[in-house]
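First, one chain by itself: the form predicted on its own, in structure tokens.
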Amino acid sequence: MCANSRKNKSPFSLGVRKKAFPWLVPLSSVRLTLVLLSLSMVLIFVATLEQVRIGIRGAQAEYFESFFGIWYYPTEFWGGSFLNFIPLPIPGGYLLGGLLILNLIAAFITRFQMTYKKMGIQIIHLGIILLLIGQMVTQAIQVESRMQINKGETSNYLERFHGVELVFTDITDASESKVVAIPEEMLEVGRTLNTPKFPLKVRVKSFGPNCNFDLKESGENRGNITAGVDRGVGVSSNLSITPIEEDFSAEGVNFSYAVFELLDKSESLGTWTAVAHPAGNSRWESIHPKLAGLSFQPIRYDGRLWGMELRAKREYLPFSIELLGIENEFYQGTDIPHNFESHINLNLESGQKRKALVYMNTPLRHAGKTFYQYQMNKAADYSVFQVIRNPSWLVPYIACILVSIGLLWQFSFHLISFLRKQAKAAPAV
């Protein structure tokens, strides 16, 4: 009895920790853990169904990168014609993940004992906590981009998969150009933008992440979006724009658009329209010759020549990549790709060059970015890299190592205890 009393008075005992942190006890409930895990299964089920409708990226943004999402019962399911109109709130990844982290931390503090017998369980839970935190940090700060390079050319910038920018480029001096980029976040309808780097004001009249477009016959109505456009390609091509929802599916393409007016102080210089091609504005000519000008619409002001375009948001790098050659291999007798290879020169900031080979499942890592072989067109002689910036990419590896150490510790401890008991119980020879 005395021994038990001394044990209960230990600062590391279970009872003392519960008294010290009474508000953590409800959070450490095993029932809460089971509820959160069950809701996570529901979330995964719903998000998997929604991938068919809105694609992987859309389901990820709607359900995993949010605190809650709204789901409508599919009409294809039993009773769908009656239940489809009811909006069902689904807890999102941020909410469930955050609560699971709090649940594990609370259990870590209030329930688990720091003894050799329980040390493995402690390490396992620490690894799981780290894994959950790492996943949430990754979703919050990871940035995905693309880099497309033609064979024999060099590139020093990335393009975002989602997000555009309205760009004005001063090309008056052939030896040096000045670029003014307005990000998508600032292209709010009705907003007037003024930057000291660009001499004119920009008043946004319309903007959208995706649209259908058509070239109308001369004199034909262009619709409400481009009705007031009186300058640039929008007039010469009689371009009509119909806004549609952004397509997040893997095969989806989005043509962002902007309609804006340029102002010299309070005097209007006309209204332009711009559309961004998802594969780069150099591709407009292949759609229609009249749309080729969308890659560069000239604007003359105060003796200077500016070019305007709406393009994918760019990130310029302190180094560049030169594409030396590309190779693609297919399974024999099929057109199914077996391997893509890009032979590159990595031109470093110091002026040095390093040759590298980027192919499937073997990326290039440099300056905190990972370059994966993403697409390739042998006929057109260009290669596309998917570029990931994820500062927490090591966290899952560390978490898995901790879980492995914890499992090894726990199994080894019980195995040794079992062998010792067997040795003591064995009859003497």
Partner chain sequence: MVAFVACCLHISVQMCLSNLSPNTLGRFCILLGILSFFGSCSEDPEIQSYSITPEYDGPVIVWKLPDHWGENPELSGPLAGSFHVKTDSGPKGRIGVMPFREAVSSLEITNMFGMELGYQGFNQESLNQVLQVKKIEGKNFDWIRLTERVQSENPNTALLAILRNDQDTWLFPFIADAQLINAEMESFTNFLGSIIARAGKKEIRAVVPALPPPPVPTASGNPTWETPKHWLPGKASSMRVGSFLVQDGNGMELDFSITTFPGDVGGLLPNINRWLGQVNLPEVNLNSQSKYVSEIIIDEKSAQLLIAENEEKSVYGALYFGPSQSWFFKLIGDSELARVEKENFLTLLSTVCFHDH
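Residue numbers count along the first chain shown, from 1. These numbers were taken from a predicted model, which means no experiment stands behind them.
From this point on, the text means the form predicted together with the partner chain, which you will not see here.
*Asks:* Would you mind picking the one in Leu263, Met119, Cys211, Leu130 that has a heavy atom within 4.5 Å of the partner chain in the predicted bound form?
*Replies:* It is Cys211.
*Asks:* Of Phe248, Phe255, Phe161, Tyr73, which one comes within 4.5 Å of the partner chain in the predicted bound form, counting heavy atoms only?
*Replies:* It is Phe255.
*Asks:* Would Ile405 show up as a contact with the partner chain in the predicted bound form if we use heavy atoms at 4.5 Å?
*Replies:* No, Ile405 is distant from the partner.
*Asks:* Answer for Tyr157 alone: is it within 4.5 Å of the partner chain in the predicted bound form, judged on heavy atom distances?
*Replies:* Contact with the partner chain, yes.
*Asks:* How about Pro183: is it within 4.5 Å of the partner chain in the predicted bound form, going by heavy atoms?
*Replies:* Looking in the predicted bound form, residue contacts with the partner chain include Pro183, since a heavy atom lies within 4.5 Å.
*Asks:* For Gly98, is any heavy atom within 4.5 Å of the partner chain in the predicted bound form, or not?
*Replies:* Heavy-atom contact with the partner chain at 4.5 Å: present for Gly98.
*Asks:* Please determine, with the chain shown alone, which of 217 to 225, 81 to 89, 304 to 312, 119 to 127 has non-hydrogen atoms within 4.5 Å of the partner chain in the predicted bound form.
*Replies:* Contact-bearing stretch, as computed: 304 to 312.
*Asks:* Heavy atom within 4.5 Å of the partner chain in the predicted bound form: which residues of 128 to 142 meet that condition, in order?
*Replies:* If the 4.5 Å heavy-atom criterion is applied to the partner chain in the predicted bound form, 128 to 142 yields Ile133, Met136, Val137, Ala140, Ile141.
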